[in-house]
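Given next, in structure tokens, is a single chain: the form predicted on its own.
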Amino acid sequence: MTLQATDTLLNISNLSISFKSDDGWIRAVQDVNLQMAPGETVGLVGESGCGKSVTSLAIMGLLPRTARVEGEISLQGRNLTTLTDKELRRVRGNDVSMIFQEPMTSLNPILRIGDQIAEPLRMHAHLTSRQMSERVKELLAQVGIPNPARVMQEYPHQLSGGMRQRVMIAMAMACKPKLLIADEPTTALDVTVQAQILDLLRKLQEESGMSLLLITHDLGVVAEMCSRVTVMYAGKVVEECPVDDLYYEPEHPYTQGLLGSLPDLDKRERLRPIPGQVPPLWAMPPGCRFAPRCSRAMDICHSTEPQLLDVEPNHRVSCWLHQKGGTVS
């Protein structure tokens, strides 16, 4: 989907991320392009290690100093990759916030809940101590935590996993960000709590009008929450399309494999896993990175890398099977 500049909140253009190793630079993300409109929910999906979380950390400016970032990450027309640490701190937690994957390790175990939620307010909002305390109570109530005054005085270990995740959401929403990044927000939570957290995110988004970048490997969550989906494999985008197209007309063999490996309770068939393994970052195969695992791979797939092509309106695929019908993006 190509958005007009005036409709774009987030624009990631030709993003590549490399890390220094003893054997030189290893590229974890290559030539990623992604756009988001205000109020939109986009899913970023793929197997573990495909580059989803690294991309989100680049948006937040939280990559280690040893990382090399190429390309552009623009939020409301401002290139975040050119900002100083001080300038990034003004953006982070204010214009863009993130819910991290594991709330128990993301929360400080020796600080009270109220103090942790108040941290972004101290940095970005000009509030008195009394106003800040009231705002923290309001945020805890907003995310469905009962007895906010008591919970403010508690420590993370005193809360359940679902409650800790709600605290993380309250922290992220403290300054009413324009973009919220949720990195596997329902990992390690039971099914009932997962549904509650997703309902909460949807409710907060409707109330605030923020955009939501949902990073997950759970295609069920994508179907429930997202309007568009970007599929990554081994550090590259292989398919991008509206969510309905992903389920009814997947074009890339990897996307088809992901969907084919999902259980179908009606058919009661054996699961069909994708054969092979994701290649390690330091030993990417030539040509298409998925070719060694693809049953439809041709000779060209093993030698030449395909480009991301438009195969339908708002539907792009990086696959030689669709090379002839598309136009280079």
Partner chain sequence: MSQLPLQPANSAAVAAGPRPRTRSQRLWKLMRSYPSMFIGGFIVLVMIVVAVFAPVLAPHDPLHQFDNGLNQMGMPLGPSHQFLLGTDPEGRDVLSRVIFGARVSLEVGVFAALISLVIGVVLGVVSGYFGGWVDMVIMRFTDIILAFPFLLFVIALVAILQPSVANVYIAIGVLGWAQMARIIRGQVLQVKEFEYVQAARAIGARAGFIIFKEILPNVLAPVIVFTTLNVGTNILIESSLSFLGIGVQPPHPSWGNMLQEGMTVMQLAPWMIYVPGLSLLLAVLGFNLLGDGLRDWLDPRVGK
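Computed from a predicted structure; not experimentally measured. Numbering follows the first chain given and starts at 1.
Unshown form predicted in complex with the partner chain; subsequent notes refer to it.
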Considering the partner chain in the model of the complex, which of Q142, S208, Q101, N79 comes within 4.5 Å of it through any heavy atom? Q101
Answer key: of M36, L57, A291, I274, within 4.5 Å of the partner chain in the model of the complex (heavy atoms) is L57
Consider M171 of the chain shown here, and say whether it contacts the partner chain in the model of the complex, taking contact as heavy atoms within 4.5 Å. yes
Q194: heavy atom within 4.5 Å of the partner chain in the model of the complex? no
Would S74 show up as a contact with the partner chain in the model of the complex if we use heavy atoms at 4.5 Å? no
Can any non-hydrogen atom of Y155 be found within 4.5 angstroms of the partner chain in the model of the complex? yes
Is it true that H217, D245 and Q256 each have at least one non-hydrogen atom within 4.5 Å of the partner chain in the model of the complex? no
Just to confirm the contact call: exactly one of 231-239, 134-142, 120-128, 247-255 touches the partner chain in the model of the complex at a 4.5 Å heavy atom cutoff, so which is it? 120-128
Counting only heavy atoms, which residues in 105-127 are within 4.5 Å of the partner chain in the model of the complex? T105, S106, L107, N108, P109, I110, L111, R112, D115, E119, P120, R122, M123, H124
